[in-house]
Structures are given as C-alpha cells and as structure tokens.
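Structure 1 and structure 2 below are two forms of the same protein chain, each written out on its own as structure tokens.
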Structure 1
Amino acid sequence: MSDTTLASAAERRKLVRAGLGRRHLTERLFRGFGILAIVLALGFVGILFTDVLRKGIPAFMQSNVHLAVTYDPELLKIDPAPEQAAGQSDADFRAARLAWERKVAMLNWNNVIEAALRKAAPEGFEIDARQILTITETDARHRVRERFAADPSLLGQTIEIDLLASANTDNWVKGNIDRNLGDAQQQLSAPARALIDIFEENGTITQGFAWSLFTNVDSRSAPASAGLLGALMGTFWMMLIVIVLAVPLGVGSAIYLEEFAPKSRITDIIEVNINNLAAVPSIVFGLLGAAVFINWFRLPLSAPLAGGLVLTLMTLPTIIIATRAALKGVSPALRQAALGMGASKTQMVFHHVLPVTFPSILTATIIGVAQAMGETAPLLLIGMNAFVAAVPATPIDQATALPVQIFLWQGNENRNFFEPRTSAAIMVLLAFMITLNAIAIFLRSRLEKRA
C-alpha cells in the first residue's frame, strides 16, 4: 500500500472521528437540554404547589370562640313556647309554633352574645358593645338562636357553645395582619385586639379544623362561615351531566367515524372540524352556550344544566380524538381474524376491537372530565359567577362551581382572609382532579391485566 493511500486512509479516519465527536457532543447537548427542560418544568410546578400549600394549609384551621352563653330571661323577654293542647289540631299548633318562632327571631340575640363575651373578659375590661361583637362572626347570633328555638327549656340556663370567630379575629390570631400598623390601618379596634390576645392566652379562642369550609355555602355577610358546599354540589351536577352525555356520545361518534363511516368528503370535513374544535379556546364554547342554551333554549341562568351542556360540547372533541386513536392502534389482524371466524362487522367491533381499547378510552374519558372540571371561562359567560348562597338540589337550580368559586374568592376585598381560602379551594379542586387521574391510571392497569 502506497504512502498516499495510507495518508488518505488516516485522514478519513480523522474525519470519521471528528464527525463522531460532533454527533456525540450534539447528543449530549440534546440530552442535557431535555433534562434541563424537565428539571425546570418540575421546578416551576413544585414552586406552584409549594406556594399553594403554604398559603392554603392554614385556611383548614379556623379560630373558634368558646363561650358560656346564658339565656337570660331579662334579655330574652318572650313567652314560653306553645304546647299542643288537647283537641288542638296539628295545623293550629304549627301556626302557633311558627308565630312563636317569629317572635324568637325578632329578639336581640347580639345582647346574649355580648353578655357571654363580657363574662369571659377580665373583670373591669373596658370595651363598647360594637367593638366586642366584632370578635365573633356576624352569624353567631343565628346559632345561639337556633339552639334556643330547638330547646325552649334553655331559658334561664347556661350552656357551652363554640362560635366562629370573625374573619378579622382569625386574621389577627394567625398573624395575617401586621401588628405594628397604627390603629387607623387595623381592621379591629385596639380594645378588641387586646381582648382577643387575652382570649387566646386563657383558651377562650382556640384553633380547630375548618369544617365550615365543607359544610357551609358562600357568604358575604359572614365571611368566616363562607364555605364550598354550594360549589361542590354545583360541580357534582355538572360533572354528572358531562359523564352522562359526553362519554356515550363521544365514544359512539368515534366508533362510527373510525369503523363504519364511509370515506367521503363529508366524513373528511367532519374529522377536520373535530380536530379544529379540540383547539378552540374554552371561552368560545362559553359564548356558544350563552347564545344557544341561555338565549335560545331559555335554560336557567347560572344552572348546572347549562354549565354541564357547555362542558359536554368542550369535552366531546377530546374524547372522540382519543377514542379514534385507540381504535386505530388495534392490530388489523384482530379484525381479520374476527371476520374470518364468521363475525359480522358489528360483532367484530363491539366483541373484539372495543374491549381491547377500553383502557385507553377510559383513561381519555376520565382525563377529559377532569379537564372540564377545572374550566372557568365558559362558566363565567353563562352566569355562574353570580353569588349563590344555596345548595343546588337539582341541575336546574342556580349554583356555582369550584373554579368559579376560586375566581370569586380571589377577588374578595378581604385579601388577608380570602387569599388562604382561595388556595385551600385550589387544593380541594386539585385533589379532585388528581383523584380522577389516579382512578384512570388504576382502572387502566386493571383492564390491561385482564386483557
């Protein structure tokens, strides 16, 4: 072999090694950028979850005022509760009872709470009636009154009652308010703040789990008692409508388009439109729902039925596309084998192809429903941002939803109190969505094992 040939071979080896080095360097850079992107994404998600947890966890604890309430006859000047006399009809007795309960409701129950607070305060502590009543929530009088209406024999007796502290008291106890601010910048008067500190030291004010967050509806007059029950039930009704409508319609449409529909220009147009609908912003579906379901069909404004229908339209493209992708993934050999054994096309689809795709279809369906649960924009356009202080008993009752409740709370003027509550509501919503995704993963793994 000549020297020229050896030199050219050596140069080619150098070029190959240089090329390999560049390729390896490119591969390492690509891998490094991929790892960096994953780390950054996880980092941002971690920051988000950490911030939500940091702000939201304290909201699950709430201040309560433990008082010895005396139903003093001097403060409650009312006749004894009526008793059904012999020969008195049930209707007359109910009328007499309702008249007595109306009189009970007209009594000044704030005087009873004020007396209990003064009894718990140190002897000689100076504070006026208006300031001392800011320690408990404004609806505390309703609870004291309801106890008496349920048991009129309490007149003249003293019982122990735990009342919700006001939102401002809760902020002061938890340190959400800067204690160094002047009186003009504080939400509570100086005597009220001093008495709250005394109550916290002697155990009159304690922290307990905020059951009201789950057992009460939203409230503007009594912020400390505001809860998520109405939003939870509204979300339940909407998701029930989405599951009942979107799942069978979406899966059925996908099966027809993929297995039975003839290939034509019409089906091509339908497929293109379905793919485009999946990318349409959710607010557009809200506009469609407001125009069709509210203005045309005259469905009740701010009703879970209208919200569920809007979310159904938004979820359908996702379910159809995912179901068709699952059907396409089935081996043609399975179809040919079923047809070769004498099965009809319908039997082939429903007895052989569809069972194989159940895990993927179920996963896509649950993820689509979970995505719909977190939507806010379309619900705002059909009026579900209205203040509703009631639990919807049916899908046509006015209601709100968890995402909308979060939207409403984050704009509340009492930022010190409702910012943690907003984060707590976000945690509840995320818990539901994570639970749905976990169920999807679990069911998919079980179905895949059976298959």
Structure 2
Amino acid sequence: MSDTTLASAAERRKLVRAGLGRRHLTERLFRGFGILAIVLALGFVGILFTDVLRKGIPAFMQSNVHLAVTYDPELLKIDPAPEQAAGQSDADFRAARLAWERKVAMLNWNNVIEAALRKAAPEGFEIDARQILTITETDARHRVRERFAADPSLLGQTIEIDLLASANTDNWVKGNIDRNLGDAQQQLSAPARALIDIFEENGTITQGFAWSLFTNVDSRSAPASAGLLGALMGTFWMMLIVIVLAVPLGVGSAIYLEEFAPKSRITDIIEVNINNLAAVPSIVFGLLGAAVFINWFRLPLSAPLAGGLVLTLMTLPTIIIATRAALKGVSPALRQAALGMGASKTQMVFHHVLPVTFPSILTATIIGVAQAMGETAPLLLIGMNAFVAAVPATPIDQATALPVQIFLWQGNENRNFFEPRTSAAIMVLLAFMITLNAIAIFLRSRLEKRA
C-alpha cells in the first residue's frame, strides 16, 4: 500500500503544536469578544435603568407650601351661595349657581394667597406681589377657591392648607438650578429666592410624596400640578378595548387557521400575511387609523376608542402567532384520544386542546398588551398628543395615553422640572410593564405546574 501522506506522525504533531499558541490566542480573543458583547448589552440595560431611576426618583417628592389661608371678607366681597327655592326648575337653579360660581371665580384669589404668604414671611420682608406669588404654583388660587366653593361658610375663617410650590421653587429647593447663576438667568427673582430659603428653614416649605402625580391631570399653566391621571385613564380605556377585542379575535382566528382551515393556497397567503403584519412598523398602523377610523368612520379624534382599535389591530398578529404556536405544540395523542372518544372537531378543540394551551395564550396576551401599552407612534397620528386636561370618563372622550404623556412632557420648555417628571412617568410606565410581565411569568409557571 502506497502511503501518500506527506508528513510523518511526529512531524504532523510538531506542526499541530506549532499552531496551537496562535489558535488558542484566537480562541481567547473570540471568547473575550463574546464576554465584551454581553457586558455591553448588560451595561446598556444598567445605564438606562440607573439613568431613569436617578432622574425620576426625586420627582416623586415635591415641595409643598404649608399656609394658613384666611378667607377675609375684606378681600372677598361675595354674596352667599344661592339655594334651590321650591318650584325652581333644575335648569334655573343650575344657572343661578353657575352665575354665583362665576362671581367667585372672578374674585382676586391671588390677594388671599399673597396675604397668607406674607403672614408666613418674616415681618417687614420686602418683596412685591408678583414676585411673592411665583413661590406657589399658579393653581394655588384654584385650590383655595374650590375649598370655598364647596363650603361657602368658610368666609371669615382661617384654614391650614398645603399648596404645591411652583415648579421653579421646586427646582430651587431641590438644587436643580445652579444657585450661582446671575439674576438674569434665574427664573425666580432674588427676593423670592431668599424668601424660599427662609420658608424652607421655618418649615413652611416641606417635601412630600408627589401624590399629585397620580391624582392630577396634565397642566400647562401650572406645571408643578401636572399629573398622570388623565393619561392613566386613557391607557386604561385603550387596554380595555385591546383586551376585549384582540383576545377573542386573535384566539378565534388562530383556532380557525390552525385547526379548521383547509391547507390551501389561501391559508398559506393568510399565514404569510399575518407574519408580515406582525412586522409592519407601528406607525403604518397609525396611518391606517387616521385614514380609516378617523377620516372614514369619523370616530372622535384623540379618543381612546380610535387608539384602542389601532392598538388592537397591532396586537392581533402577536396573539395569533403565539396562540397558533401553542396549539401546534399540543400533542397529537390528546387530539386522537378526544376524537377517538367520538368528540366532534369543535368539541375536541374547545374541550381538550384549548384548555391545555390556556397558559401560553394568557402569557402571549399579557405580553401583547404590555407591548401595546408602550406604543406611542401610531397614537400621535390619531391626535392623542393633544393637550387634554381632563380625565376621560368614557372611551370616546378626548384623552392621552401614558407613553404619549411622556412624549409631551419631554418636550416641555421647563426642562429642569420636566426632565425628572418625565423620568418619573417613565418609571410608572415601566412599573406597569414589568408588573404585567411578572404576572405573565408567574401565571405561566403556576398554570403549567397544575396542567
């Protein structure tokens, strides 16, 4: 037998050994790249979260101004509130009451607040009316007035009340503004800044949890009072619509395609279509919503109804694909057992196959809803970025959504105040999403254990 191997065993071994150093170096380098990639990826997660937390956490605390407000009849010249006389129609009484409330609103409540602020300030502190009023938020006069409108007997009395400090005051107290900047660059006048420092010392200005973040609606004129309530309700309505529509539609469609549809060209096309739909950019769904729901069906602009429908269509492919995968995973043995017992196909699917896939469908639904909850772009196109200062009572009222609120806040000019507040809103959004995902994971493990 002729041996054509060029190198002998020993020579070969020498050759192999000669290359080893270089090859192991390459190996270590490659491995190093892998670790570097993971460190980078994890680093991004870490940086993003610490950045949001670092910026957002302070915004959950807010400066309050604790004042003793006197409803001084000298300052407030107002008749007593009307009462409904016997025989007076509802409409007439409401008109009278509205007229009175209008009069109340016309009073100069700033005088009341100014008086209260001056009372809290040291004797003889020199500051003009405009400057001293910059310390409290501009909504303070509404708070004080609302108290009075609700209880007209307060006239002549003094009550203790916590008012929100203005955004600029909050910035000053928290040190979000460089204290060394000159007067020209400061939002607050020098006397106001000095008074705020005094207030902070004598306990008039305190820090408290920013409940207003959750109990107030958005506000432009009174930034410190801007809250998320309206956005949360808008998101709630949209998610309700998504769950009510997308789940039955998605699951039904998946059942049909996986279990009933004849394998034909048409089902093939539907399958390709759904896979593509899942990868269509979300903004295209926004265009669809603008053209079809808003322009064609004339659904109300900026309403959670249109937003919910758009998000439903967007979520649908996710749910269909996940449900189909779950149905595919059910063992043929179970199907055959059911059919063998004389169950019809429908009975097999609804009595046997569907219950087994329930955990997967539930998880897919929750993940789909979480995705929809964070979606912003399509909502911009159906007018949900309008400024809405009301809580939507129904899905056809004007509203905004949590991610859109984040978008609106990040664009606010008062950056020093709104950057933390936006981060806080992001924390709220992320908290929702993490909770949803945690629920999904928890339910899945629980249900799968039982099954």
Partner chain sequence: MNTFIVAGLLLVLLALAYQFGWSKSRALATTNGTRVHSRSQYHGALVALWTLVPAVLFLAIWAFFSPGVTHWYTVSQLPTEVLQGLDQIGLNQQLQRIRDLASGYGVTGDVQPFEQAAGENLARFQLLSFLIMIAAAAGLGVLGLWFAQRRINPRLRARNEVERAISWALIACSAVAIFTTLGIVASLVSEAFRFFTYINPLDFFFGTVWAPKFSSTGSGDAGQYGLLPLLTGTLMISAIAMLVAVPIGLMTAIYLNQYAHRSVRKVVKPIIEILAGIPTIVYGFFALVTVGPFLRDFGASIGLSISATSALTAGLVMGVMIIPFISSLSDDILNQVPTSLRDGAYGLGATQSETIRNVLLPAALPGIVGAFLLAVSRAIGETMIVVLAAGNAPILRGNPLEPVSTITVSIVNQLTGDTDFTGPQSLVAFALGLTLFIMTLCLNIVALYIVRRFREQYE
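The model shown is predicted, which means the values in this text are computed figures rather than measured ones. Take the two forms, superpose them, and find the largest set of C-alpha atoms that agree within 1.5 Å; that set is the rigid core. Residue positions are counted from 1 along structure 1's sequence.
- Only structure 1 comes from the form predicted on its own.
- Residue displacement note: residue 149 has its CA displaced by at least 2 Å between structure 1 and structure 2 (rigid core superposed).
- Comparing the forms between structure 1 and structure 2, the C-alpha position of residue 413 differs by less than 2 angstroms, with the core used for superposition.
- If you fit the rigid core between structure 1 and structure 2, you'll see the Cα of residue 180 move by less than 2 angstroms.
- Superposing the rigid core and comparing between structure 1 and structure 2 gives a CA shift of 8.9 Å at residue 86.
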